[in-house]
Each structure stands twice: as structure tokens, then as C-alpha cells.
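Taking the form predicted on its own, here's one chain by itself in C-alpha cells.
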């Protein structure tokens, strides 16, 4: 690397280490921010010489990145932004911290995908899904699909692994030269009623979909979730055993297998690695506290709340919602979530916007109890499982109350 890049890398690592030592976080952002101030091209320098995979989408990208990195470790050391800092500062810090590795798997915020593709020249880009998220400041879904489409058009040699079940993703990826389609199942359809190409309705039947007014339709996937396993492009079925809960994580595993295959990793080699992943940046973690087994589930938008309800067991459930800057300030999305699956269990609510959540639950006829803190929630439920479903900063608040790193 040029001398400036070497200095920037050293300073980046030092700043991140000082941040961790001071208890101010894991240093994923500050280290990259300082490094990029010294050398604006530092991310490109750090990515040079590595085979890079980028993973982007509204939901599931942190988990899929973790699983793909685990699968790729069959080939050698893998740099990854495992703490979820998914903007260029986080990518820079992760690569600087990892040192020299032959591979990198990076989670990328949807808005930054074009910029990170330009900087890292990736071998593979995985496109998971697009749905509404933080619309008080983020782009509409169709606008995001257009940004992805434009970004990929400028990099025709990139291999794309894309979700055949999401019309927005298919439209964004269909113009690329090398595309592998996967089908992980998609239960949330409310953000893809209208074709991004023609504006006509999207029709659906039996897992298939097509535009009523143009040729856009679901492509045949090479990788498919089937029963408790995954079918690969050869038609071989592989049983997938995960510690992570829910059908959605079986889909994330299928995506990770497809990404790893682009690097030459066979499913039979990757699957044992996937089975070792028990928690992802604290998500799905289980902690015993005062006779209660607490499991943490992150849900940040309507699509992810739907999946969280599917993962949660029939047990007392604590819901926590904030509306701070990382969450988005608008809580109107609560009315796009169907809370009816919670009617048959004890429900507690907390968080900065607990009253917004209370009104929504009243509308959905879900009985609940308001608690002021996580400790109060612990004392309000009997011994056994407590499911916790929270949006981003509420999730972090509860992790802090547990007083341990998960």
C-alpha cells in the first residue's frame, strides 16, 4: 500500500482499540472514520488483493454475512464486519483490524452498495430483499431497486447472487451478466405489489409471481429451500442444521451456501461451519437471568417483525420500541405489523415509544402490561423462557441492561 494508506491503517486500528479500551463501543466506526480522513481511498487500498463478497438487503444481511463468512473460512481467513457496522467507515475498520486475509465478506447498507462496489471491486454481490425501512429518511423501495440496478450496470463482471422471490431484487439484478438465483421463501409481499418496470400489478400464485403488464417474472432459482434443507444447482439436497431459530434463517443459510459456492466451497464443506453459529451480534442470544431464559430477537421494520413472531416460542414476550436516530423517527410502521399472533401469550411492553405500541396493540386486541424497565419485565414473568423482541436501539438498551457482551 502507499505510505499514506499504511499510516491511515495504523491510526485506524489504534483509534478502534482505544475506543474499545475506553468502553465506548467496539471501535468499528471511529477507526474507519479516522482512517478515511487520512486517506479517502483507504477502503480501496485495504480491499485490493482480497476476494470480496458484499451482502446487502433490508433484512437478514447481518446474519447472512455471518453465515457466509463462516462458510468461506473453509478456504482461509476471512475479514468481516461482524458487529454490523455496514457503511464504508465500518468496512474500512473491519479490513484494517483483520490485517492481511485472502477473503472478505462485508455487510453493506442498501444506500451505500454502489459506493462500496466501486471501492472494493467485489467478486460476488448478494442481494437479499427490499422493503420499507426508516422512511422518514430512507428512499422508497422502488428507488432503492433503481440505485442497485444502476450500480450493477457499471460492473458487468461482478457475480450476483439474488433473491428470485423478490420482484424488486429480480428487476435490479436481471440486467447483470452473471447472476445466480436463490429461493429462500418470502412471506412479506406488501412492498412489491407494483412492478418497478411497468407499474402494473404483480400477480402471485403458488410461490410464483409475474407482472401483469410486462415480461418481468420470477426466474427459476438454482438454490432452493426445501423442507429442512437446501437444493443445490445439481439437484442434490442437503440437510441444514442450525442453532439459529426460524424458517427465515434457513433461507439465510441457503443464501450463504450460494455465496460460498461462487468461491468454490461445496455445501458439504460449508454446512458444518454454519452449524457453529449460535448468535449474531447478540441476536438470537440466550441468557439466563434470575431463573428466566431470555432470548433476544431484533425486529426493525414490518417484514422483520413478521419473522420474529415466527421465531418466538409460545412464551411470555417483551416488546420494546424506540424511535431514536438509528431506528428512524417515524413509528407509523407499527400499523403495518399484525400483532395478532401474540394474543395467546402474556405480552409486556417497554421502550421510549411504549405508548405508541400500546395504542397499536389495543387496535389489534392484544392484551398487554406496560413495564418501565427490563428488570421489571424479568420480575413480572414466571421462571422459564422470556422472548424479547425489540427494534435497534431498544435491543441495544436491553443488551446493556443484561450487563454482558453477547
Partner chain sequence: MSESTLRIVWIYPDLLSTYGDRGNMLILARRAAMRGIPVEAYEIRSDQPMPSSADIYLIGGGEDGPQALAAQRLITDGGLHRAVNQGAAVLAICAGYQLFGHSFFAKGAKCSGLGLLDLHSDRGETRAVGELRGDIDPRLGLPPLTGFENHGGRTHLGPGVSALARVTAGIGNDNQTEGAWHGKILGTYSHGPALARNPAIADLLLRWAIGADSLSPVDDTWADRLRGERLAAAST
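Residue numbers count along the first chain shown, from 1. Remember, it's a predicted structure, so these values are computed and weren't measured experimentally.
Note that the form predicted together with its partner chain isn't included here; everything after this is about it.
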Open item on the list: Tell me which stretch of 332-340, 146-154, 167-175, 276-284 has a heavy atom within 4.5 angstroms of its partner chain in the predicted complex.
Closed with: 332-340
Task: Contact of residue 292 with its partner chain in the predicted complex (heavy atom, 4.5 Å) - done: no
- [ ] Give a yes/no on whether residue 370 approaches its partner chain to within 4.5 Å in the predicted complex, heavy atoms considered.
- [x] yes
- [ ] Determine whether any heavy atom of residue 99 comes within 4.5 Å of a heavy atom of its partner chain in the predicted complex, and answer yes or no.
- [x] no
Open item on the list: Taking its partner chain as it sits in the predicted complex, is residue 315 near enough to touch it, meaning that at least one heavy atom pair lies within 4.5 angstroms?
Closed with: no
Task: Single option in 123, 238, 224, 132 placed near its partner chain in the predicted complex, where near means a heavy atom within 4.5 Å - done: 132
Task: its partner chain: the contacting residue among 140, 118, 325, 310 in the predicted complex [heavy atom, 4.5 Å] - done: 140
Open item on the list: Please tell me whether the candidate spot formed by 194, 353 and 356 is one where all three residues come within 4.5 Å of its partner chain in the predicted complex (heavy atoms).
Closed with: yes
Task: Interface residues of 51-80 toward its partner chain, as seen in the predicted complex [heavy atoms, 4.5 Å] - done: none
